[in-house]
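Here's a solo chain for you in structure tokens, the form predicted alone.
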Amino acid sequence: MSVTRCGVLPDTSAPGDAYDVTVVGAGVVGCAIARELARYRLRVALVEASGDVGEGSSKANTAILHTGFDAVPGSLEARLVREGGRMLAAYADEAGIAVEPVGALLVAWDEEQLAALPRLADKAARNGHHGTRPVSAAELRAREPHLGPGALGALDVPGESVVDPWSTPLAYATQAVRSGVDLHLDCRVEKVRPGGPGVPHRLITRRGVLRTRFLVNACGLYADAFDALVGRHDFTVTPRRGQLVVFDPFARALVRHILLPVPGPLGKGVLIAPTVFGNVLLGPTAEDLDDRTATGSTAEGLAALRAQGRRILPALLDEEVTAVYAGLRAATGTEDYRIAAHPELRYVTVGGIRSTGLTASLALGRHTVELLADAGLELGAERPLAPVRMPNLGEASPRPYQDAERIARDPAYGRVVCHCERVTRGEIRDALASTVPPASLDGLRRRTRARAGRCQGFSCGAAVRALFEEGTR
């Protein structure tokens, strides 16, 4: 097992030295696939163009653990979200990933939306989610007293949860690496020379040539471009930008559930949700773009969000904003995943994975390995994965600065460096020494929450940077 960020890739040129499987793309889906493959005695590589796992769409989603109540019944996405949601909830408990089952309320703001709620309840039932029920305006007001005026009712969707979106791909990658997977970061694949019968594929990367018998495309926004490298042109990815606003933890008392709109043609629409980190999210927008790197926020987008947020939860707009950010989802023009196996190429594409990819990730991993087996990959006997336990970043469980016994054993957990998020020197030290250490201050933030609070690093930035530079020297 290894994690590399520079230097020449391992020599895979000799007969028998090729990887059995290479997964390209280390977002939450690619990491989940690599973790699933690690159950078998295979030589597996996880290759990522950027310097860290979860650097693309995975780092900027709405952090919802979906039940799949509103998926298209009968679709692959509906099945994998339903299965994956259960799997991720169990995995989070095992791996120490923060989850809060706050439930959701699908709020109707006009008669047309109110009339749509029974249809959505029926859709939920067809997706195997039978717990939904209509909520009157009076009950809705009692359950969400800060809701804006005019709400006519809602659909109660129990089971919807919020989850730590940063620790999830990191846990998968950590467990995969500890179980024998090679993770190669800063390793963009520029060309593919497809292999023939008995001949491995050759991936031409910036760090050399990598040979592999089977290949998985988990490239997210670039899944169609990678498909083209192996001669496939099955779909086109349209980047769909979602801008979000993060409100300070003082706003947390204003909202008890995930407040969802009645979905429209561009997706689930703008929601307001608490987060496991103790603050509140407003967003996302849904803007189809041409630029796959356009992750900047815009004045127009933020103004639109504020207008919608003011209608849903007026008092929220009086609270302090901690941050704004934007992410890109991989829209493909259909309401289902674009997963395809090509046994003749020993190749599987896992494309069109939109905002539900976090929830479905473990089921996507299992489904992909089944497709690889159908395409001829001999898995052999299954073996236990190496254990993993992630540091708790959620506010619902004690954090290290609150743990007197832990501080007594190791005073570094009592030395707070980031006072907004109460991140200690011990947590930063641990992250820098972890199996998949951060390559940047942003990576360190996703592992500890350092610099993610209301001052955005204004107060602690120099100290955090000094620790980062010391730890990566």
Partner chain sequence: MNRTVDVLVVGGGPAGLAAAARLAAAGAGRVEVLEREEAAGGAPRHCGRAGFGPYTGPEYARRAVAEAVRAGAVVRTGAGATGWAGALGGALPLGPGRGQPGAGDGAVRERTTEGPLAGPAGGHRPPTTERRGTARGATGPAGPAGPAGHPLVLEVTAPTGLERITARAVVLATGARERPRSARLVPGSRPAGVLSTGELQQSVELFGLRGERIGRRAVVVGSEPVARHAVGTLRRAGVAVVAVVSDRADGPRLPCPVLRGATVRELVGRGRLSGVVVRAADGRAGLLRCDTVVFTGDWLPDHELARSGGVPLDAATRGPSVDPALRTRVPGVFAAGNLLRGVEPAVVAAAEGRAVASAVLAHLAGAAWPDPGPALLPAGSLRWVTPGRLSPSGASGPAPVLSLRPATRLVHPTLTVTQDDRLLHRQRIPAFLAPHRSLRHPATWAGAADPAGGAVTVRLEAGRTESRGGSRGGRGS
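Because the structure is predicted, anything quoted here is derived from the model rather than measured. Numbering follows the first chain given and starts at 1.
The same protein has a further form, the form predicted in complex with the partner chain, not shown here; the description that follows concerns it.
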{"property": "Residue among Arg86, Arg252, Arg202, Lys123 with a heavy atom within 4.5 Å of the partner chain in the predicted bound form", "result": "Arg252"}
{"property": "Partner-contacting position among Arg211, Arg346, Arg399, Arg240 - heavy atom within 4.5 Å of the partner chain in the predicted bound form", "result": "Arg399"}
{"property": "Contact flag, Leu432 vs the partner chain in the predicted bound form, heavy atom cut 4.5 Å", "result": "no"}
{"property": "Partner contact for Glu36 in the predicted bound form: the partner chain, 4.5 angstroms, heavy atom", "result": "no"}
{"property": "Contact flag, Pro145 vs the partner chain in the predicted bound form, heavy atom cut 4.5 Å", "result": "yes"}
{"property": "is_contact(Ser355, the partner chain) in the predicted bound form, heavy atom dist at most 4.5 Å", "result": "no"}
{"property": "Joint contact, Asp318, Cys420 and Phe458 to the partner chain in the predicted bound form, by non-hydrogen atom at 4.5 Å", "result": "yes"}
{"property": "Among 173 to 181, 243 to 251, 68 to 76, 189 to 197, the region lying within 4.5 Å of the partner chain in the predicted bound form by heavy atom distance", "result": "243 to 251"}
{"property": "Residues of stretch 439 to 473 in contact with the partner chain in the predicted bound form (4.5 Å, non-hydrogen atom)", "result": "Arg445, Arg449, Arg451, Arg454, Cys455, Gln456, Gly457, Phe458, Ser459, Gly461, Ala462, Ala463, Arg465, Ala466, Glu469"}
